[in-house]
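Next comes just one chain, in structure tokens: the form predicted on its own.
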Amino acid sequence: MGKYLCFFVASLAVTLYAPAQNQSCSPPPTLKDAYQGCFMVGAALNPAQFTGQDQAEDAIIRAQFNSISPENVLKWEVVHPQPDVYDFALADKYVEFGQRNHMFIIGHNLVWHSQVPPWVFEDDKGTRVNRKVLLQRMRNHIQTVVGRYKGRIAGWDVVNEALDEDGTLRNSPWEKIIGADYIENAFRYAHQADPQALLYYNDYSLENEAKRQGALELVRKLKAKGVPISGVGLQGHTSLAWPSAEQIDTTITEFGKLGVRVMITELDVDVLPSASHTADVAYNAASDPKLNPYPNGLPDAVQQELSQRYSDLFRTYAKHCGLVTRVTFWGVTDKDSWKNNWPVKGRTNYPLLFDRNDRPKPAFDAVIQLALKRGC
């Protein structure tokens, strides 16, 4: 435990632990330094973390990460809640935090089937709008939001989760009203708003064969049409057993063959019994004590499994240095992870590298040690 306390003191500078410091107590490398030259390491942030309300996690973020993503503040329902109303208050603070700390800033996301206000797809009488109207609304939204942060947000998740599990296009309101080319149009609108920004397609479970093939075909079609797509985000919502290293390796390799970069965009490792085989936020499962086996802490044996799992994941990512350009955790510490409440409300989960007391877990050390051994 001593090396974790040393890290905590050195990186967070918390006065309470200052007496534990001594001349021989030096912190291990940070995540961003350990993988420098291989890929950036990032985290998704909530408002408390980038507005100064959570000083401990703020310090972790600044010490450990060189890229940030927003959990929610750039999603449509937050930034554009009504037809003629944009609210950039929190989004501005998020971007300012990234700039102040010299980070690679991601915009998440522009077009998604979830967290979109009903008015986007309806007229003032509640009737579904036509293709022309929805395309205009999409264009106005994208060009307003992307244009505001031109030259400041470096990369955008332009389209999020457009595919079903079988690899076909999701029957979302975007697809129903506009047609399959809504994806192409979204990328073109984003490129017009900021020609220098990197533009990504982002989705979960692309390690599964059918969905991966659908995504590969989508990227092929976009590139054949000259659509400016820079990369593909593999969300990385994993468990202790799924996906296998082979599935991840194959997925990264196949997208690389198409000439696009790959990002791991929403990484976490679910250590609890499975209640779902999807990462669709619309899915909810009934509460069951059997699905919440560790309410008072993670057993040492499972802690070691988590460490090994993270080591295996980063070994696979590091195998593709340069092709994989960023690995972003979906959250900073266990206490703020969405996995505590999805797909079962109120569960206690342990999916990240920092615990509920803002301390690095054994999995953190495993990820650092892997980099040191590999010489990343």
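From 1 onward, residues are counted along the sequence shown. Source: prediction; values computed, not measured.
The same protein also has a form predicted together with alpha-D-galactopyranose (GLA), omitted here; what follows describes it.
Asker: Residue 115 versus alpha-D-galactopyranose (GLA), in the predicted complex: is there a non-hydrogen atom within 4.5 Å?
Answerer: Yes, contact at 4.5 Å.
Asker: Quick one: is residue 237 in contact with alpha-D-galactopyranose (GLA) in the predicted complex, heavy atoms, 4.5 Å cut-off?
Answerer: Residue-level check for residue 237: yes, a contact with alpha-D-galactopyranose (GLA).
Asker: Any of the heavy atoms of residue 350 lying within 4.5 Å of alpha-D-galactopyranose (GLA) in the predicted complex?
Answerer: Heavy-atom contact with alpha-D-galactopyranose (GLA) at 4.5 Å: absent for residue 350.
Asker: When the contact criterion is heavy atoms within 4.5 Å, does residue 75 count as touching alpha-D-galactopyranose (GLA) in the predicted complex?
Answerer: Answer yes; at least one heavy atom of residue 75 falls within 4.5 Å of alpha-D-galactopyranose (GLA) in the predicted complex.
Asker: Pick from 177-185, 292-300, 107-115, 240-248: which stretch has a heavy atom within 4.5 Å of alpha-D-galactopyranose (GLA) in the predicted complex?
Answerer: After filtering at 4.5 Å, what remains is 107-115.
Asker: Among 207, 194, 71, 270, which has any heavy atom within 4.5 Å of alpha-D-galactopyranose (GLA) in the predicted complex?
Answerer: Partner contact (heavy atom, 4.5 Å) among the options: 71.
Asker: Can you pick the one in 65, 50, 330, 310 that has a heavy atom within 4.5 Å of alpha-D-galactopyranose (GLA) in the predicted complex?
Answerer: Selected option: 330.
Asker: For 148-181: residues with a non-hydrogen atom within 4.5 angstroms of alpha-D-galactopyranose (GLA) in the predicted complex?
Answerer: Contacting residues: 160, 161.
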